[in-house]
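Below, in structure tokens: the form predicted on its own, a single chain.
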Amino acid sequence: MTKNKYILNWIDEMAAMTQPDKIVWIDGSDEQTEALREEACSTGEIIKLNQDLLPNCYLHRTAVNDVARVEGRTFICTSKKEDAGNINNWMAPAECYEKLSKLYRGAMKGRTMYVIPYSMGQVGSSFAKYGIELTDSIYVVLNMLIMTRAGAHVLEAMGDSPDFIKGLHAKADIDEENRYICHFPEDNTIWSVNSGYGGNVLLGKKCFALRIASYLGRKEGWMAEHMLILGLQNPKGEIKYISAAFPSACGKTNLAMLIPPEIYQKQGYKVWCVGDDIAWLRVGEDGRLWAVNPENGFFGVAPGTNDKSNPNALETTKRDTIFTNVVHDLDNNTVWWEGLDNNPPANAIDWKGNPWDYKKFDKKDKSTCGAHPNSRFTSLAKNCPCISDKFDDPKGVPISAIIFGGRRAKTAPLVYQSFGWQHGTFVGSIMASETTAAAAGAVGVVRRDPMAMRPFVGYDMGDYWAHWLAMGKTIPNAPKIFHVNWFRTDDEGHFIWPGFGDNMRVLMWILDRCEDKVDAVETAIGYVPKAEDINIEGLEGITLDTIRELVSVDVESWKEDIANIKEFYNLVGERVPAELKEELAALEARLG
């Protein structure tokens, strides 16, 4: 399929180490893809679901010890330890190659090595970056065909170039003690072994599109961010685009596929999804920041996805989808998960492959769940009812606003605007969420997750912030930067803001601020809305006083937060930019 000697030599080298019985090149054709599905069904690797109800949908179960990303086994391998930073796990490249080579040796004996040429971003566009993943898993092949633009046309675009990301994945023994997901940013290489779970083995996703791409972006003057991209269309047909970063469990996918409240729908407002997880951003010829979603699909969390929380995501999953670790409903050969509806199947197999009795399900005990809490759907983005017509546009979309968000009970107001790019970078650097009952450990513990990139920066976090500051100086018409918090609670611990589609009311204020249509109140932390500028028409139980409470700045909480921020900056270490330390000192002074 290619005469590219760099590709062929590398594949020869990897095959000599892993010793597959045969090598199959993935061309992206429907015929080959269907043959692979049939083969995977015949071995039980995937299960074909009811084709009338769920056309072209399949179910897969991972090993019970292999159900999520493993941050503790994820390494950044740079020649200097300090370049990987204090927050990443580090291993010296030579040591890592030697250690993993032993695990790979003969790991594909009796198996097939699949060669997947793929593109992150539109093939041939200025944003596009190419990779090849070698894997011994048909499940990985089928997921990569959904999540990326894969096939022979990518090889044509690569030509004779040595410039591609080399990804090697082997299931080996799915041994969690020898599970490694290792990134070599200086070598454009990713090695993953002893896992079969998507987040560790779909190497185009977090491994390439964030960890390696963030390193490349810094080197080449662009940004790879853990951000959704959405377009908000007004009744005149004008569309403004927003990118937003949220840590997990903060409603990122729901916002990306937001359904406008009725009052806005009646006026003709629409929301379009460009991407739900990753944005690559670069400065356009017009001096604005332009963004693309480098992915081709969604790798979403199933539990909690339903007709109320995210009807667009649910609709997307009804065809061309691979479900992982959900409940198998045997009566109609479909799938189910907790939070889908109130009709759990009576005759079912759980995510571990055992008979499941829904009558024994206890909300407080995760071990009684039918679907794993991190069970997934892999779906084509083009099947989403609200997918943007700019989804495939090689130029991307111009970004008006960047939003950071966290989950804070008291500290952060519903929304505030930064004083400028430098202060906005500071706001992103101190992003945090408080642990909920759903997370392991104590409730209410603050976890800093700057720009929602804590697990995904491919180099030192302080250098990453410095790159943000440097980018700000190169964007003549930079987006304005905001912070939101949908999760403020009253004294009884109930959420005050309704969230979901009503979050659009906050987005409307944000866009009004970007166009200087409304004034704001300057506070110690940034600009907050005047209560009357947040549209509450049609909201039950929400008054102007409620909004005043939601946008108030809890000075005592912020003062307490300062110590935690300083502790986090100390953890990041000596590469924290001086500008951010100045912003922290200025915040402390403003708080009095």
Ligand code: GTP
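Note that the coordinates shown come from a computational prediction; the quantities given were computed from them, not determined experimentally. In this text, rigid core is short for the largest set of C-alphas that superpose within 1.5 Å between two forms. Numbers for residues come from their place in the sequence shown, where the first is 1.
One more form of this protein should be noted, the form predicted together with guanosine-5'-triphosphate, which is absent from this view; the next part is about it.
With guanosine-5'-triphosphate left out of view, the stretch that reaches within 4.5 Å of it through heavy atoms in the model of the complex is, among 296-304, 235-243, 415-423, 186-194, 296-304. With the partner omitted here, the residue from A520, L134, C250, A466 that has a non-hydrogen atom within 4.5 angstroms of guanosine-5'-triphosphate in the model of the complex is C250. Proximity to guanosine-5'-triphosphate in the model of the complex, defined as a heavy atom within 4.5 Å, holds among N383, S400, S388, N503 only for N503.
In the model of the complex, guanosine-5'-triphosphate lies within 4.5 Å of some heavy atom of F495. A residue is said to contact a partner when one of its heavy atoms sits within 4.5 Å of a partner heavy atom; N254 meets this definition for guanosine-5'-triphosphate in the model of the complex. In the model of the complex, D350 stays away from guanosine-5'-triphosphate, with no heavy atom inside 4.5 Å. A residue is said to contact a partner when one of its heavy atoms sits within 4.5 Å of a partner heavy atom; D329 fails this definition for guanosine-5'-triphosphate in the model of the complex, lying far away. Along 396-430, a single residue, R407, places a heavy atom within 4.5 Å of guanosine-5'-triphosphate in the model of the complex. Comparing the forms between this form and the one not shown, the C-alpha position of G493 differs by 2 angstroms or more, with the core used for superposition.
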